[in-house]
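Just the one chain here, the form predicted on its own, laid out as structure tokens.
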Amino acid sequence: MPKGIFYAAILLTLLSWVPLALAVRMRVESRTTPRIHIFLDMDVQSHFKPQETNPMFADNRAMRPQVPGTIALGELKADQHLYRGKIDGEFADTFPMDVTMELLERGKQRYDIYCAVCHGATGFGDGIINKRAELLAESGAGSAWITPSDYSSGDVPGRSVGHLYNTITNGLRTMPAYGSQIPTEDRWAIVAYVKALQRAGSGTIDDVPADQREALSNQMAEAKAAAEKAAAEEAAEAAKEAGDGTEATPTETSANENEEQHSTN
């Protein structure tokens, strides 16, 4: 084969790779301008931007409202127990999922974020927002505040889990709805934690397993003794500040009395 033909074949082969290299480069390269579209197909279509005017409709809105009665794919929510807290039209007394320690821990986390600010960490209705509202009411700056429910009093302990779920979802009286903020499963987790708070508030030593009662009793006794000691020290400090600052402690008083008796004798 003549050398000229051989070299020409190699050159043509290399040149045939150029379009492929350019196509690969255009495919992976980041660009600030749109790529060249010879055949648009459905890649590029005319469209309206959000809230742009569209004279095709009588209201001139490009964004169309939802058609009444339609449900988005995957949002039928036919499970009344899970999504409504009801069974046969009545508030359910059971949970639609297993109540596990993981669910309770999740409920505590969500409760501390959404509920504790009003209802308090233990559910007694003494959250920080309630305390602030009470201070404002005392100063005459506000009077329309209604104290949040105490989970352990009134008819709240007797409410079913479905009722509590509905309250979180849709609100009740002055409490706003949280259905749009808290996912379904998290609302049930909060209900489970609220029930745990109610159970803890009404529990007795008999509810503790027998092999743990002694240790718990000792802890309670130690905590009580520590609290009494702290209260006594605080009272003594307050009495000292109220006097001339030179009042003797009980030990010093006893020593002074002994010295007076000795001198008298």
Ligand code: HEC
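Computed from a predicted model, the values in this text were never measured in an experiment. Quick note: we count residues from 1 along the sequence shown, nothing fancier.
Keep in mind the form predicted in complex with the named molecule is missing from the figure; the text below concerns it.
S.K.: Check Pro148, Tyr151 and Ile182: does every one of them have a heavy atom within 4.5 Å of the named molecule in the predicted bound form?
M.R.: The answer is yes; Pro148, Tyr151 and Ile182 each reach the named molecule.
S.K.: Out of the stretches listed (133-141, 75-83, 110-118, 93-101), which one is close to the named molecule in the predicted bound form, meaning heavy atoms within 4.5 Å?
M.R.: Every other range fails; the passing one is 110-118.
S.K.: Under a 4.5 Å heavy atom criterion, is Ile190 part of the interface with the named molecule in the predicted bound form?
M.R.: Although the named molecule is absent here, Ile190 would touch it in the predicted bound form, with heavy atoms inside 4.5 Å.
S.K.: Quick one: does Pro176 come within 4.5 Å of the named molecule in the predicted bound form, counting heavy atoms only?
M.R.: The answer is yes: Pro176 has a heavy atom within 4.5 Å of the named molecule.
S.K.: In the predicted bound form, does Val194 come within 4.5 Å of the named molecule, counting heavy atoms only?
M.R.: Within the cut-off, so yes.
S.K.: In the predicted bound form, does Ile168 come within 4.5 Å of the named molecule, counting heavy atoms only?
M.R.: Yes, Ile168 lies within 4.5 Å of the named molecule in the predicted bound form.
S.K.: May I ask you to list the residues of 43-78 that have any heavy atom within 4.5 angstroms of the named molecule in the predicted bound form, in sequence order?
M.R.: Result: empty, none.
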